[in-house]
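Take a look at this one chain, the form predicted on its own, written out in structure tokens.
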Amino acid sequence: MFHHSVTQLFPLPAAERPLLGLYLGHQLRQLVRPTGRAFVYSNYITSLDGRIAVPHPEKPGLTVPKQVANDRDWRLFQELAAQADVIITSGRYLRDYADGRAQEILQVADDPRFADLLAWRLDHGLPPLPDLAVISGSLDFPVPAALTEGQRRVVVFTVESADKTRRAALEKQTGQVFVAGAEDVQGALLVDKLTELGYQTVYNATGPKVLHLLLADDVLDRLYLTFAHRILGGDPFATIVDGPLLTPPIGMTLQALYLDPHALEGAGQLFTAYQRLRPAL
């Protein structure tokens, strides 16, 4: 399924690259920021008209469009997750996991196609699965026992206005609930605490609101975008960032560009990586 290669278009010179190992080759664990703060990265797949989600056909809320989701992009999502010390997620994910509607984000134990990523983590001295950092204002979620097996940590970040009873209950379960803002979780407080806890690489696997808080506090280092070569249309419009206008705008420089002509019944897709543009120290 993954045997077809992709064409590297940038940096030049152009060359054929295997899909397997493409993002592992970016060696994110070596990209330590000069400040010592953890390296934060995120990833989305979008249609050509900029949509990352459409209404779920069976329940409230939005979901990744099945018209753009594909195994080749999912392989690279897994390669990014495999390089993480901790994955940012949401209370909704834990609720869905507890109800049996969600599975592990890094699927090294559930899918034999990703067994090589488990070996990669073990070879690099990492535990089988990354820890989880859960962002939630309501704290309305359980912590399934399966997510804390083998000394795996589930760290919760909330706000000052969160329900104190619910916070105390979660602290008994996880031992680690941190306030990272008054009314909204602040990206800088979140990443500073994750750095203090010893995390080197932080993968954001949540939606556009969390990406906005990371961008607004200038703590996102790299953004991976897959452009699926399909146009969807429809309402509502959901794109990669949801929040107030970013002022000044966030500059991103292209780090890598690959053409994958084999996905989506020949329509193809582009794999891109962008680095946050920051002035030299």
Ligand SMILES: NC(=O)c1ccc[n+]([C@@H]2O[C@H](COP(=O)([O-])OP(=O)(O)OC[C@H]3O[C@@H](n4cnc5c(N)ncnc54)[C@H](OP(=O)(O)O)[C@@H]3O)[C@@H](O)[C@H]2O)c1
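In this text, all values refer to a predicted model and were calculated from it rather than measured experimentally. Residue indices: 1-based, along the sequence shown.
Below: the form predicted together with the ligand, not depicted.
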Which one of Ile45, Ala216, Leu223, Ala38 is close to the ligand in the predicted bound form, taking close to mean a heavy atom within 4.5 Å? Ile45
Tell me, which of Leu28, Ile52, Ala256, Ala228 has a heavy atom within 4.5 angstroms of the ligand in the predicted bound form? Ile52
Heavy atom distance at most 4.5 Å to the ligand in the predicted bound form, all of Asn70, His262 and Leu270: no
Look at the stretches 108-116, 142-150, 79-87, 200-208 and give the one with heavy atoms within 4.5 Å of the ligand in the predicted bound form. 200-208
Evaluate Leu232 for contact with the ligand in the predicted bound form, applying a 4.5 angstroms cut-off between non-hydrogen atoms, and reply yes or no. no
Taking 4.5 angstroms as the cut-off for heavy atoms, does Asp184 touch the ligand in the predicted bound form? yes
Considering non-hydrogen atoms and a 4.5 Å limit, does the ligand approach Thr165 in the predicted bound form? no
Any non-hydrogen atom of Thr195 within 4.5 angstroms of the ligand in the predicted bound form: no
Could you list the residues in 50-76 that come within 4.5 Å of the ligand in the predicted bound form, counting only heavy atoms and keeping sequence order? Ile52, Ala53, Leu62, Thr63, Val64
